[in-house]
Ligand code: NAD
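Single chain ahead, written as structure tokens, the form predicted alone.
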Amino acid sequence: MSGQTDHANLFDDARSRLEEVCQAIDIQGDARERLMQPSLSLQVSVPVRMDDGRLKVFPGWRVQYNTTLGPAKGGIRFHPDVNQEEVTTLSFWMAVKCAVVDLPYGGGKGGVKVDPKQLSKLELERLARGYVRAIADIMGPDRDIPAPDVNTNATVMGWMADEFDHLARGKVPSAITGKPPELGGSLGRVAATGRGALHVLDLWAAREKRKPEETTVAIQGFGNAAYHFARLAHDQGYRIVAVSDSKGAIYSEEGLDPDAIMEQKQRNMRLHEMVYCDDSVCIAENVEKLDRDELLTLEVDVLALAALENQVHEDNVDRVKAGALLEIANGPVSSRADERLEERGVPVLPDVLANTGGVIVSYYEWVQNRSGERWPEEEINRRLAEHLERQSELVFERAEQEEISYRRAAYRQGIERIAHAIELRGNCQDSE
């Protein structure tokens, strides 16, 4: 297979990494078989009454991938290219990443095939509520806990949480995470994915004896996770030289100010009075404009990938000149490209470790909702840093001891934990 992996092959590409883990470490055959397929896959239709009176029906999915360690956990994305293969793959990655950072969750993911930029705010709310009604029978705080993902946010999660409360005839705040704080959401959740990615980068940089002020960073993407990563990294001294979005990229050798870029984007969004609009980082002034794919080829110390899956693939990996890659998005590097980077000695800080900040703080939200507690943001951030430091050091040490890549070390850590739990539940036997 050449080029960018399409959705039809995305799941096979992801499972190839599972095959490598199973061959490298001692996992019972029964456990391996359970890990090769999702536990549950649901396809739904979501009818929405549009503002002009027409009825439109949007296809949607929810997949639960191996819930041995706990209830399914994972986001919901609204995107015109969403399909079942993608959602299944994302749920697999969620199962692995929850295990990598030792959370009591399985993998879950959901999606609706829709372009949210074409919807009004009221249409978007009807879609969010309709999706919850469609999957309500398989979700809940002990079964499947959705969260935000691409093109969904705290506002959308608030609508979904309210709809689930109506269906449950009671208050069930722990059924959904990523909610507004006023509805039981955790402080620190909005910035958690970006903050967690920065923690992982900091830990790696410290091991490499690399100082932030001596490190240049290019960021593909400027959504929620990318913005907060950029903002926090900039404050810490990293030089953010380039960012991009779906419309293009901007570059400045002296460095960019992420807050100034976001402020200008938000000002334009307020002028549009829309939840989503087509504003771009390219509206920034006094910067060099680049094609969005050019950002991937810049000679920087760190290339942070915070867009969608398979952005670095077999056809463009040889043009990547960064000294290291940081995966903030899910699966932004295909397995073939990953092998090429490994051969070249380019370290990749993998998604199943680097972007776990969001799900870790979602776990804290779930715990707070179930206990009735409210933790201050400083406490959330402290717990996140300590949790990521413990689990990251295990991955880094394993990679060093076994002389393997960080991704291989992370996958072995996660899959071992899931497989061991499967074996402890009984009814497993070796086929050898």
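Quick caveat, the model's predicted, so the values are computed rather than measured. Residues carry their position along the shown sequence, with the first being 1.
A second form of this protein, the form predicted in complex with the named molecule, is not displayed here; the remarks below concern that form.
- The named molecule is not drawn, but in the predicted bound form it has no heavy atom within 4.5 Å of Pro146.
- Using a 4.5 Å cutoff between non-hydrogen atoms, Gly223 counts as a contact of the named molecule in the predicted bound form.
- Contact check for Asn151: a heavy atom falls within 4.5 Å of the named molecule in the predicted bound form.
- The named molecule is not shown here, but in the predicted bound form it comes within 4.5 Å of a heavy atom of Ala306.
- For the residues Ser186, Ser91, Asn355, Ser334, the 4.5 Å heavy atom test against the named molecule in the predicted bound form is passed only by Asn355.
- Residue Lys97 is the only one of Arg195, Lys97, Lys179, Lys73 with a heavy atom lying within 4.5 Å of the named molecule in the predicted bound form.
- Just one listed stretch, out of 308-316, 206-214, 125-133, 165-173, contacts the named molecule in the predicted bound form at the 4.5 Å heavy atom level, and that stretch is 308-316.
- Of all the residues from 327-342, those having a non-hydrogen atom no more than 4.5 Å from the named molecule in the predicted bound form are Ile328, Ala329, Asn330.
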